[in-house]
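The chain below stands alone and is given as structure tokens, in the form predicted on its own.
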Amino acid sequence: MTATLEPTTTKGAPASTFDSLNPANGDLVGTYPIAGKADVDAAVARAREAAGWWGALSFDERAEYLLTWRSVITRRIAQLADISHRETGKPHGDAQLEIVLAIDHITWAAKHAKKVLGARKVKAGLLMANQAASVEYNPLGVVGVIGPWNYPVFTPVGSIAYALAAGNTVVFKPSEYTPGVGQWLADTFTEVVHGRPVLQVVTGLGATGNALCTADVDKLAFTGSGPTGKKVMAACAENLTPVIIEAGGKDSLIVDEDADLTKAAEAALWGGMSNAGQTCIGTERVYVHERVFDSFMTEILDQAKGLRAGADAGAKIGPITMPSQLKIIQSHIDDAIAKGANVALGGSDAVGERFVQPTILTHVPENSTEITEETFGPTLAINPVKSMAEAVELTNATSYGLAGAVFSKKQGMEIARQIRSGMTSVNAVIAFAGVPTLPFGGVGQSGFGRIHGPDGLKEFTYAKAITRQKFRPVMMHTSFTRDAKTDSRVAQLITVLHGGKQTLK
């Protein structure tokens, strides 16, 4: 969708609403309020009050609400997919796919929060043998979530569901390009909890997001561009609010000489072109062993026949949701060609007013923006390499570190471990995103913090350590009554325990 970033004013007064438009044709999808600072603060205050009830529920009770919400989403999946389709322009099938993945994550978070976060005993050690030790993970309180427009269900739910399962309430600011999706998610959850403001949505533009950053939230989870992520961090720093940042990527797919080229080409095509290339964990670079480069190119170009962007039922690629991205995609393609890249498919003329046709470039100079900067469009830069060592070196020669993929029959795991990224798939593409038990996030300019899995649940809690004295210690060393004899005994004990040469068993 395109949003009215400069909302229309009436008689000089600030605009109070903005429009959500279908990026495929410009049709109006809906009109939504612009929440100001007072609105955001009020929502957070309501969330704070609701946190008393929600946080006091047992893990099982919260799980029941979350699983009911999951069932509601499942039964109404066509309705939610239609809103996503109209606001993002993505095909119905792709909209449904991300909802399916989100449903699976809601289920996992609901069913595993108790095991991951519940109180458990830990060993106290010989020095503190008189103590019973335990640790538990308590909810932070109110969590703010700022979501993206490219996957308006799957991505924010990765924070929302895990924060809720951990016992927090949530105030969610969806992208101005997909406010309808965000409102739908909040409304359906509110139905489930009988009107309580456990999950609320605040719609608006950048100022609304900034207001959420500076509001009385206990943590903020952001997904979006790196530059915006830095602004989010700066705003949150005012109140020392901790953040999770999931920013962009420039992910590569590596193809070894023993790879299944048909599957590798299929994965590269999907990773680079699905969702019109508007995927932070998608494929933008491909490094292929020179011995199979020509065969790989033949295969991927054959598979790309008939693949096109459009608004009709036969098109498998939708429009570019954010209009300003068209100029970036155009500049990257033109820069690569100007520096000597070969056009295998598409090219400079592939960029239209709303749609970008699939573009594949080869022998792309490593200093071109098509290699160094996030394109976020349906383009692939495919280059031959002499070895997997070179492929890894080029893959890691970026400030980003989000995800990636490796296709190799023998060395897949070995190569994957050498890639500096938070996530890597072997003989598949973006498979990690569909595995609820795995953490999701990046390093470097791709951000920090994790959603999904046990790590994702713990991100929205604080660890609470508790000791309980079972009996008086033999040596009371935490008291002013301690004497020199006690000090000597403590020194002797620690020498016996740790002074000798130790071997790992």
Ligand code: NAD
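Computed from a prediction, not measured in an experiment: that's the story for all the values here. Start at 1 and count along the sequence shown; that's the residue number.
Another form, the form predicted in complex with the named molecule, is not on view; read the next lines as being about it.
### Message
At 4.5 Å between heavy atoms, only one of the stretches 146-154, 429-437, 95-103, 406-414 reaches the named molecule in the predicted complex; which one is it?
### Response
So the stretch in question is 146-154.
### Message
Even though the partner isn't displayed, in the predicted complex is Pro174 close enough to the named molecule, meaning a heavy atom within 4.5 Å?
### Response
Within the cut-off, so yes.
### Query
Is Thr395 close enough to touch the named molecule in the predicted complex, meaning at least one heavy atom pair within 4.5 Å?
Result no; Thr395 lies far from the named molecule in the predicted complex.
### Query
So, in the predicted complex, is Met322 in contact with the named molecule at a 4.5 angstroms heavy atom limit?
Looking in the predicted complex, residue contacts with the named molecule include Met322, since a heavy atom lies within 4.5 Å.
### Task
Give a yes or no for Thr223: in the predicted complex, does one of its heavy atoms lie within 4.5 Å of a heavy atom belonging to the named molecule?
Flag for Thr223 set to yes.
### Query
Among the candidate residues Cys213, Ile333, Met273, Leu164, which is the single one with a non-hydrogen atom no more than 4.5 Å from the named molecule in the predicted complex?
Contact check passes for Cys213.
#### Entry: Candidate from Val116, Met388, Ala341, Leu205 lying within 4.5 Å of the named molecule in the predicted complex - any heavy atom
By the 4.5 Å heavy-atom cutoff, the listed residue in contact is Leu205.
### Message
So, a 4.5 angstroms cut-off on heavy atom distances: do all three of Cys280, Glu374 and Leu402 pass it with respect to the named molecule in the predicted complex?
### Response
So, yes: the whole triplet contacts the named molecule.
### Task
Can you tell me which bits of 245-259 touch the named molecule in the predicted complex, meaning any heavy atom within 4.5 Å?
Going through 245-259 in order - heavy atoms within 4.5 Å of the named molecule in the predicted complex - the hits are Glu246, Ala247, Gly248, Gly249.
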